[in-house]
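Only one chain is included here, represented as structure tokens and corresponding to the form predicted on its own.
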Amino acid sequence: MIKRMRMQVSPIGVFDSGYGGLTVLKELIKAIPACDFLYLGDNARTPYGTRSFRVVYEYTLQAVRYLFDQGCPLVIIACNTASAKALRNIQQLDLPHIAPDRRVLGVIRPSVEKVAEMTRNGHVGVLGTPGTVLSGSYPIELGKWSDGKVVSTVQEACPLWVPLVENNEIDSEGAEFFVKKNINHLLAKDKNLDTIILGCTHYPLLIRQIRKFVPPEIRILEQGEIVAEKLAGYLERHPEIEKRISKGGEVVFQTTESADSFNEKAALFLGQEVNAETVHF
């Protein structure tokens, strides 16, 4: 049940530039339902994918600082673009100075670790936003964290998938056309693909369309369940963080845009109504 948050809580912060992170939040709530959550969508400045590394870093750091000010001991950057362009700098350059006792995690490394378990032949494809693909984060991280199990990574930028989702065109002919087009491009880059990462948190809403055009023998990795699974394990390994998270099972939604607009679109991602508030930072 999603309800208003009590005062004096220490929720897990979940941040995205828009709505896609809600697919991650949905799975987090299922995996660790006792925890409190604060979701922040920077909808006033979305999309991040077309912005420079410097701008994405600055925006993401502002959001992280804001969530720390709200009492969050742990922040999940539930956005592939922000994870790709900002997470490392925040972890290495900022946290030691602004909040050495708090943690910020992203969605790319959990996905990489899982795909290393899933792949049979080491040929992996990535479907992502132009910003995530341009960053090269997935090929870099797959090379670093897959223990040599990934031998080839190909990518395909899908610039129209997010607008299709956010305009509720999921089952339209346009969605089918562009999903088919981008998947065919990806498959043509490596005939031996056995695993595909959905490298954007919006993409699970297009899964019916995606499965139409991905051969059944190719495994598809959706990030929400993976991030939730990995976070539950992380909290078990880090009781010093886990014990600081308040356990009221409550969720608050905040947006930098119109709350009414957020509520309408958030219902599409979560499958239930929410009551957000507009904030500025």
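Quick note: we count residues from 1 along the sequence shown, nothing fancier. Computed from a predicted structure; not experimentally measured.
Only in words, not in the display: the form predicted in complex with D-glutamic acid (DGL), which the text now covers.
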Pick from 40-48, 224-232, 208-216, 64-72: which stretch has a heavy atom within 4.5 Å of D-glutamic acid (DGL) in the model of the complex? 40-48
Does V115 reach D-glutamic acid (DGL) in the model of the complex if we count a contact as any heavy atom within 4.5 Å? no
Quick check on K85: any heavy atom within 4.5 Å of D-glutamic acid (DGL) in the model of the complex? no
At 4.5 Å between heavy atoms, is V104 in contact with D-glutamic acid (DGL) in the model of the complex? no
Contact between V162 and D-glutamic acid (DGL) in the model of the complex at 4.5 Å, heavy atoms? yes
Partner contacts in the model of the complex for 80-102 (non-hydrogen atom within 4.5 angstroms of D-glutamic acid (DGL)): N80, T81
